[in-house]
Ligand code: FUL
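Next up: just one chain, as structure tokens, the form predicted on its own.
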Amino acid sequence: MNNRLLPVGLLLFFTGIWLSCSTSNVEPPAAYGVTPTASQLEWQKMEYYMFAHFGPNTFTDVEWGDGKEDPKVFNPAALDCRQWAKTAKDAGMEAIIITAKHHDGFCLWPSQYSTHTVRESLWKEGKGDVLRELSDACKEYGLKFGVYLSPWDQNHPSYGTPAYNQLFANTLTEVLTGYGYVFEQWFDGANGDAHKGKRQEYDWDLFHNTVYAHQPHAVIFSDVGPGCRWMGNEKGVAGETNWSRLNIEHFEPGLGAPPIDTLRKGNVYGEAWVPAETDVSIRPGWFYSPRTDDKVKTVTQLMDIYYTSIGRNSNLLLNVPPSREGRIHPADSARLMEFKRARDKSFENNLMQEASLQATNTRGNLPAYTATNLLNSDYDSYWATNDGVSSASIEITLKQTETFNRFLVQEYIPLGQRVARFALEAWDEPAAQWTMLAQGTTIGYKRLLRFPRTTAQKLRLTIQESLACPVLNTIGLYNTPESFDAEDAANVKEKNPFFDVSPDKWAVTYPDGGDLFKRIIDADINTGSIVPQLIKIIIDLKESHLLKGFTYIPSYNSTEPAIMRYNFSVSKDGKQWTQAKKNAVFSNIKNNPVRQDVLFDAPIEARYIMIDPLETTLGGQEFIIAEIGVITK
């Protein structure tokens, strides 16, 4: 036997082999629970895309048409879907979802299954196809294309009969086979019987199977997915706790959906992967109205929505309704570009890029799972702990002392969602102690934390509770602006909404509630009156006006009761009344409790107005009025 020492190079070679063999039994973390499909993961990475509510409602100035509108009213003479697509692309959006068919049943393509379509409109002499123009424009600008088809149809005579389900499936087939790749099919659960109309027993299995037969990779949205779920409100606010898992068995869209709190939070041990999508409009309503041209959300409001949607493990579907000309309105497009610049400015400089990271536990002590992976741009690299380790910390030392106010953290969701509780601390050098910056529950695909500006060189991220070994793939640290240009002026508009006629001299003549009911007409949307029962409200305008309509502002809190169904009458003398609206409905007010502008069929001369509530959003007697106004212009 040769007893001479091995050369150093050979010794290192064999040492490497030994180390490799000794760690080869350390497997990557196993997936925990249900996980996203490839399509759901691709969808989650999109983060932000456009909703485009467009149709007859755009021209009739209502939120929910009744299917009785003349299709000839639809005539966007300057329609330019390329302008929509360019606007979306420039705004940093990844796709556009179009309301191909809303509750009125009007089809934005010449459907062979309906006589309430663009074929019957004046637009392009009935030869146009909005879906064709938009899908082509999306392809040109590198955007994905999605469609919303409401199963509720207030126009089609077969709605409410067994034959309708197959007709709707045929309609779906027509859209899903005619316009190329569809990344998302958007459903809601609206049903006629919930609005004192016909009831349709929807065949959701048929609808879903139809989608998958023609667009197998499409993500299906509804209250219960199965691809992604509604967040439970239309304000752009996801739950502070937001699991991408949901129990969906025995539930269905609409009235059969899980409770709002469940939609907001998800289910920690949910049986299906159904991530949240947060839908909100850039304007108070979903469809374009010239009366909301000065009510586009501010940059600060949009940034708040960004943090409460994308920053809380949800995708953001921002509605930008095309105008009556068929173009994105300049006010909307300008605000979108300002919003894009604000996001870019906020996150252009990750202060953590040159930081050093030290974890209390690293899986197998292997470089493949080290905390430094959190700083690279490879989505599929991550930090993980050993199995059985459900809490661990990462200490972060910046290259130098920095000032910051935002923190980003992401879980590697292809292996499931795990983190249930975490905390972020900064090292206070003078006090020689850790100080708490922020705490949270879930992380999911992306979590953004906001906290007061802090100056420090060291931070500590602690996973306090995880359902399986934590697996994170990205962290970031930023110093962002706290406010943006034009915020103050825009907020003044919000607090003092425009009234065609000042209510300063008005009086509530019934019921006699003294100062309590004066809040209904004090021009302040932040005050209001709780009316304990369904009684008429009569207001004396003190002088006659030619009224074109009226406005109603409820409480902006969707958990508080608002008027949903009502009669509205006017009078010259307070004795003889003319009914301007009978058994009318404030469209979508339960989900989107914002100012309602209602136009009469024709102007009416009147001094007195009366609203007679018939039904509330919560079904009880009590309701809230923040403000009532009149429309004269």
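Everything numeric in this text was worked out from a predicted model, so none of it was measured. Each residue number is its position in the shown sequence, starting from 1.
The next section is about a form of this same protein that is not shown, the form predicted in complex with the named molecule.
Screening 550, 84, 286, 273 for any heavy atom within 4.5 Å of the named molecule in the model of the complex leaves a single hit, 286. Proximity to the named molecule in the model of the complex, taken as a non-hydrogen atom within 4.5 angstroms, holds for one residue of 109, 422, 186, 445, which is 186. When the named molecule is considered in the model of the complex, residue 54 lies well away from it, no heavy atom lying within 4.5 Å. When contacts are judged by a 4.5 Å heavy atom cut-off, residue 103 counts as touching the named molecule in the model of the complex. A residue is said to contact a partner when one of its heavy atoms sits within 4.5 Å of a partner heavy atom; residue 279 meets this definition for the named molecule in the model of the complex. When the named molecule is considered in the model of the complex, residue 569 lies well away from it, no heavy atom lying within 4.5 Å. Of the candidate stretches 28 to 36, 560 to 568, 59 to 67, 596 to 604, only 59 to 67 has residues with heavy atoms within 4.5 Å of the named molecule in the model of the complex. Within 4.5 angstroms of the named molecule in the model of the complex, the stretch 133 to 166 places a non-hydrogen atom from 148 alone.
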